[in-house]
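Take a look at this single chain in structure tokens; it is the form predicted alone.
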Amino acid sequence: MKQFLSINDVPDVSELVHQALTVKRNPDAWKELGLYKTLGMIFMNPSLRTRLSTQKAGNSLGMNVMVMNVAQDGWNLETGDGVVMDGDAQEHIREAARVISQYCDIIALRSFARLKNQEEDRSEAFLTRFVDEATVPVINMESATGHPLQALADLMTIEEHRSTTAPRVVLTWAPHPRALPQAVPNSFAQWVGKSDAELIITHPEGYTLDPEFTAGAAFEPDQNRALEGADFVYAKNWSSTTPYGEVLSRDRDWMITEEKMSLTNQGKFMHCLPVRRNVIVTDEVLDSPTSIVIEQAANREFATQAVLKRVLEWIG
């Protein structure tokens, strides 16, 4: 695998999920694979799980890992061509990506949606430009429209906890005080769509996700009806799609509660974290045995390690 930007770089999703589960059982089995190789982790935005899990995954493969917070440690980057750089940006992405490539064998990049221009975000302008300028493989640690490492960990978690061949999985919008990107729900819907699970999406009006990511999913506007018989409940906020990038609703009736989980088939609760308690989900649900958010977060390490392993094998 020469890069990992989206699900389109994965020939067989099911095979990669099982590879990640194999890695989880023996994470030190490929310790020699990354020796004398360097992973550069470039963060344009904050991170906790992605940062730690990716660094641990690289270390487990024997890699040297370097971490840089561009917004705090580096220069502001310009991405446009023909720009007179007399403003806040001190360095152009053309030089930055090429220079980082000189120091690294793999670059892992994290850059959120700006939620200002829908077409700009949908085009993955920053990620695409960085990949075009880099001369080594790039791994997507979350971009404007996708978070494939999270989605891979999510599928691992479902595989570990499923009790039926075709589990009923519900992706439900939940309230949040701020406008959040659509990357996590996009990737979750897209990756679950490649599995044998039944996916139902529920959300208020104005929050319809891009059909590019939700192909094959069913939509149910009534959250309670969607939750009936669910084996897995994935709660996540995302900002509006029409109009783009706004908070249209803060309706607490969409929060996941014990009463709502009682509608499920003893369903497991999932969330990518961080989660706002008693806004997205109540304490009672999050702290209950039905919550698998900690296992879900733990799987981020092994999902990333499986991806790095594939890329290192391609590098040779």
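One-based numbering along the sequence shown. Every value quoted in this text rests on a predicted model; they were computed, and no experiment measured them.
Below: the form predicted in complex with a small molecule, not depicted.
Only one of 23 to 31, 243 to 251, 269 to 277, 62 to 70 lies within 4.5 Å of the small molecule in the predicted bound form by heavy atoms, and it is 269 to 277.
Taking 265, 47, 290, 282 one by one, only a single residue has any non-hydrogen atom within 4.5 Å of the small molecule in the predicted bound form, and it is 47. In the predicted bound form, every residue of the candidate spot (110, 147 and 150) has a heavy atom lying within 4.5 Å of the small molecule.
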